[in-house]
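There is one chain below, alone, in structure tokens, taken in the form predicted on its own.
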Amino acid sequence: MFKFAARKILGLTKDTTTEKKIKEAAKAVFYSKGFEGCSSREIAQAAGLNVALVNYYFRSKNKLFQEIFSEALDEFVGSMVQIFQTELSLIEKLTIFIEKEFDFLARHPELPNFIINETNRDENCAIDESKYFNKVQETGVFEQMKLAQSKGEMIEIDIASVILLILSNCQYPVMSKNFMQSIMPIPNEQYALLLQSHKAHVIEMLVNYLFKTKI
């Protein structure tokens, strides 16, 4: 291991396998403990490497965190953009988005807490989260909502409230899993099935509330 690290420090090409190993370990540690709850040494131990090698690849814990956090937001927002930039109707977009959001969160249940906790930190990770909002805005979905409201197809409601309704109804069921299991005897497998059926309730509730054309 020492010889390998020494070769790297001498300026040889970085190994992509090692870099990926560090990022996967860092992702698991950051998702579990957040930026302030862990150290570079802990990340190195999770990767089975030494701290010097981790710092060689990513310079600092902060730089490594910024990369992990940016990738998390890219993945989180990417699915929204793909759907919202289509020519589908608002109801179709909302339905598909909620379906994909529940499926995405089933694969990455740790993401909502991670993103919210880190954006709420007093000293944030120096990433401009507004650019991710701008990506969604550039799809034209908000203008589509305003047009639907002007035509009487959608209720008069602030766009921020629409975002809150969608995110809270999609993310809270995933984030509250431990709380729900503490008050109700729901095994993990059954909770996963519950979320799949709950998805249909969320779609029906939001579409029927937001739009004059019901499903």
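Note that residue numbering follows the sequence shown and begins at 1. Values in this document were obtained by computation on a predicted structure and should not be read as measured data.
Although it is not shown, the form predicted in complex with a further copy of the same chain is what the next lines describe.
Is there a non-hydrogen atom of Ile116 within 4.5 angstroms of a non-hydrogen atom of a further copy of the same chain in the predicted bound form?
Answer yes; at least one heavy atom of Ile116 falls within 4.5 Å of a further copy of the same chain in the predicted bound form.
Find out whether any non-hydrogen atom of Asn169 is located within 4.5 angstroms of a further copy of the same chain in the predicted bound form, and reply yes or no.
Yes, Asn169 sits close enough to a further copy of the same chain in the predicted bound form that at least one of its heavy atoms falls within 4.5 Å.
Does any part of Gly37 reach within 4.5 Å of a further copy of the same chain in the predicted bound form? Heavy atoms only, please.
Yes, contact at 4.5 Å.
Indicate whether a further copy of the same chain has at least one heavy atom within 4.5 Å of a heavy atom of Leu206 in the predicted bound form.
Yes.
Identify, from the list Ala46, Ala52, Ala148, Met175, the residue with a heavy atom within 4.5 Å of a further copy of the same chain in the predicted bound form.
Filtering the options by heavy-atom distance leaves Met175.
Identify whether a further copy of the same chain in the predicted bound form is within 4.5 Å of every residue in the set Ala28, Tyr57 and Arg107, based on non-hydrogen atoms.
The answer is no; none of Ala28, Tyr57 and Arg107 reaches a further copy of the same chain.
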